[in-house]
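This document contains two forms of one protein chain, each encoded as structure tokens and listed individually as structure 1 and structure 2.
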Structure 1
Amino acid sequence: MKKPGTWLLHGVLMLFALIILAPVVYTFLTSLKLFRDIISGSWAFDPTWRNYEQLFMSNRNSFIDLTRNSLVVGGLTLAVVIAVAALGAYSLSRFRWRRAISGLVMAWLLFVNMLPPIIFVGPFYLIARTLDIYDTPLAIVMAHSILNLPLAFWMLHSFFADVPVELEEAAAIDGCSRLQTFLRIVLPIARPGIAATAVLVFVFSWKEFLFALTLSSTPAAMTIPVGIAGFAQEYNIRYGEMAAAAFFATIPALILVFIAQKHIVKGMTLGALKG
């Protein structure tokens, strides 16, 4: 029974992997084509690296700079959001709060998340100019934090709710402070959830366009999606360069996701913890 089942399992998983990868492969092939080959409608083409040269050699936005900025923005956003959301979500999910207060916080987070991002553009621009952080990665981190806090908070809230209360009580009896209990007991158990949340926060920051655009002004703070948007011009789309940029931009994020994904596997089991 085991053998055919395993084969079937991998067959299905592989099929989905192929479906997901097909457009990615197409993007890569497009990135090796000249415009005239992209629109030719035929299979044959001469591969060229010219689109990649445009990304790195042109005297305009260097994608090296943009990648650095994207990593800084994504990393800082991740750190801020996870720290702030985890503390808050733990507090609300584990301590006694009046329903009115906890309900208001949870609902307000959702409500903010429901509004179209475009309405925050003007206010955030003014806030960034006032705080004198306009055109720095910090301004973008500020916007990305508020955009991702609702998602992170709600996800972590649900994952913390799954952590058995008995473990925390045991830790308290052992003399752990509440912060220690949170850091040493709750976080490790909720690791898959935290890793998944962290991946989402980073990824959403990595590909966010609107605020990265409006809160940056020069390559000093510009991120990859802004650079990519430059290839969608008024009446002409530079498909080849855009495909190259999209393909290239996926690689650093994929490496990070690859590192993170192993934390999404089984957390510590109940038995292991007691010891």
Structure 2
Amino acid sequence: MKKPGTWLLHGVLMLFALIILAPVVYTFLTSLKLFRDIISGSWAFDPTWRNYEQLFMSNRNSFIDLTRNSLVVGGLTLAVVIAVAALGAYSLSRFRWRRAISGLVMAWLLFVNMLPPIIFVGPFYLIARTLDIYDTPLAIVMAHSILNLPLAFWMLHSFFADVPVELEEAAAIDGCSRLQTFLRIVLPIARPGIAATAVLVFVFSWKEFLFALTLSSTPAAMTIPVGIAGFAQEYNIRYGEMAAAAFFATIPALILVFIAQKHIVKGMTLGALKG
């Protein structure tokens, strides 16, 4: 029989789960309402998929293009950040750098990560204009990669530091080069940490609004968050389509987390375990 303290703990956890899920459920219910039902605020309504039909099939929306752009930006950002952060983090955790150099690199990345993102808007805009990549997904990928790189670097550095050096030494004795050791020994062992980092990078890129808005002006490069903001117009707010788009935007991230949840849990605890 469970102790009263256990029941209390479970009750508190269930309460927090309900608090977290309540906005998602409310958004989903709103997406099934007609405009008159939303305005009236009534909980009794006839569910309809009209808002989703308007979202994906209406000529006045470009939501399919926005979804494609978000997937492209998120995927490319994930690939760039993981590739660069993995190589850099492994270098600092294994090669014999001077303590001043490694400490300066880590401190600089931490400093960049602590800066408010708004201060990068102007420079990124000018760079995109100079390189003639403004209003393209490439410009947003550039911004997202730079913003997510410090966090990914710090996370992967701690994961690589926990990989036993003896395994790499044994691989070197067997004739593996440094690159082969990294690809065949280190990466598979640190896979949970890499998966956790990759999911965070993709989610942060998927939901980012400020730079996606600044570096795009047409549906050719806009992402889903920018498109959702566009439903709030000067004389009309399309609440139903906004709710449908917001709920749809949660699905890819949830699928990714569901698929990688085993690795995410291992990755989050890997850095806390020694030996």
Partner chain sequence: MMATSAVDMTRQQRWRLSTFLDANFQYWALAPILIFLAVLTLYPVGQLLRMSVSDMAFVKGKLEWTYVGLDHFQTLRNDPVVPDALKNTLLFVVVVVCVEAVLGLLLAILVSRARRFAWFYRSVYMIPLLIPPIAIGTIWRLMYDYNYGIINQVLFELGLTGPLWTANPDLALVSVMIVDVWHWTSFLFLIMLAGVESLPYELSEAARVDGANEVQVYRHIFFPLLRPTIIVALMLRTILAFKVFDQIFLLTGGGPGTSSEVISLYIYKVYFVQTRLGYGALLALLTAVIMSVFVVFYQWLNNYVNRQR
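One-based numbering along structure 1's sequence throughout. Here, rigid core means the biggest group of C-alpha atoms that superpose within 1.5 Å across both forms. The model shown is predicted, which means the values in this text are computed figures rather than measured ones.
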| property | result |
| --- | --- |
| Pair member that is the form predicted together with the partner chain | 1 |
| Core-aligned C-alpha movement of Glu241 between structure 1 and structure 2, 2 Å or more | yes |
| Large Cα shift (2 Å or above) at Asn51 between structure 1 and structure 2, core-fitted | yes |
| Core-aligned CA displacement of Leu210 at least 2 Å between structure 1 and structure 2 | no |
| Rigid-core-fitted C-alpha displacement of Gly11 between structure 1 and structure 2 (angstrom) | 9.1 |
| Cα displacement of Gly41 between structure 1 and structure 2, core-superposed (Å) | 4.5 |
